[in-house]
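Quick setup: one chain, the form predicted on its own, written in structure tokens, and binding and motion questions come after.
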């Protein structure tokens, strides 16, 4: 991330002071976004108390926008980008203060980079076919009103990225945010809409349910005026979207494995694993969650991790951390381990303390050796501890990686100089994202090539979402005319 860390620190100190001490400023907005501005009331600038009003207003905004030129979509997207970039420190700080998970500098960086890198109307390419029988033009038309569910792990960033892509496609969106991130979501949506209304004259293009619940999510799924659903979240909400009866774009769970073979540059692999797994304290669904290392280089890999700055926990420490960090949830066939809220997304030094170890607060990641069936290997834990599993050879490493990924086909990562090993793992894993010799974020264009989105639709197959994801293909055919390269026998 190309961001000035010294500038961030100085501005963050100022913002934190305002958030905590100035009850008429940022903290008031975070605590009660609806009354943050004297001119803001429910039903204005995207803030609503119920699903019907939100969808109705979003539909009216969509009808206004469909009469406008694509140039106006560009203006609206530029407004969202500008606020996300210029106000990233303040809004990122609000998100950290509300959710209390992840790392502040990464909350800020996510908003900034999404503002800079999310694709817009330039993705809407018109196709044309001409021949003896005339002309066919393929355009990408909007769905209308999209219902969106966003996660606590990236509350406002997900709204920002989705809004850019959805509006570029010509749609309006109604958001049911995660309850634990609803305040910053509402404040961001209020700012977006207020600026859009002032500069373009359309209100409520991005609408939001201020007090979201499971019930409001179900109402959004079933609403007759919602044409498409976009869900970013865990298994339960993903299943609900898929069972809604509507077309759904689902960015579901992941448990991304890493394989390190005997040809890898171990020091580079260690730096990449730390960079990816420690980013926002491992809240990213694409992040490195467990590592399978070929036995002949296992000990050398563990030493490389320590050289790169990670702290290795002993087996007894790992078991103490497991008891503190994970718990059995669900019943019957749905019984599984889940992260305890107290340690989810917390700093590595807090995990170390739970394991009985005191480490420098600057340590970004703790790690250690486990068996392949350990709960930390099989669970998408979303905290900066990474288990390492010793494997007899590359084939076993890939087999165990495939089992740990649970068939989500989300993300997998390899560190290797052997192209055939890369190819073999890619075919076996069949994941939406496959990263070779880099940190997980490189798959989204952050340190690698490509565009950025925080909605990676694996279960429904759209992959890293773009404006085209939120459009329907429409064909316009003109018969026998406007093909000028043929003969004149029919004229």
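Residue numbers count along the first chain shown, from 1. What you see is a predicted model, and the numbers here were worked out from it, not measured in a lab.
Keep in mind the form predicted in complex with a small molecule is missing from the figure; the text below concerns it.
Mapping the unseen interface onto this chain, residue 144 falls outside it, with no heavy atom inside 4.5 Å of the small molecule in the predicted complex. Under a 4.5 angstroms non-hydrogen atom cutoff, the small molecule in the predicted complex lacks residue 160 among its neighbouring residues. Remark: residue 266 does not count among the residues lining the small molecule in the predicted complex, judged by a heavy atom distance of 4.5 Å or less.
Although the partner is absent here, residue 153 is a contact residue: one of its heavy atoms lies within 4.5 angstroms of the small molecule in the predicted complex. Checking 115, 254, 169, 345 for any heavy atom within 4.5 Å of the small molecule in the predicted complex turns up a single hit: 254. Out of the listed residues 309, 234, 134, 338, 234 is the one that sits within 4.5 Å of the small molecule in the predicted complex by at least one heavy atom. Segments offered: 189-197, 326-334, 211-219, 348-356. Contacting the small molecule in the predicted complex at heavy atom distances within 4.5 Å is 211-219.
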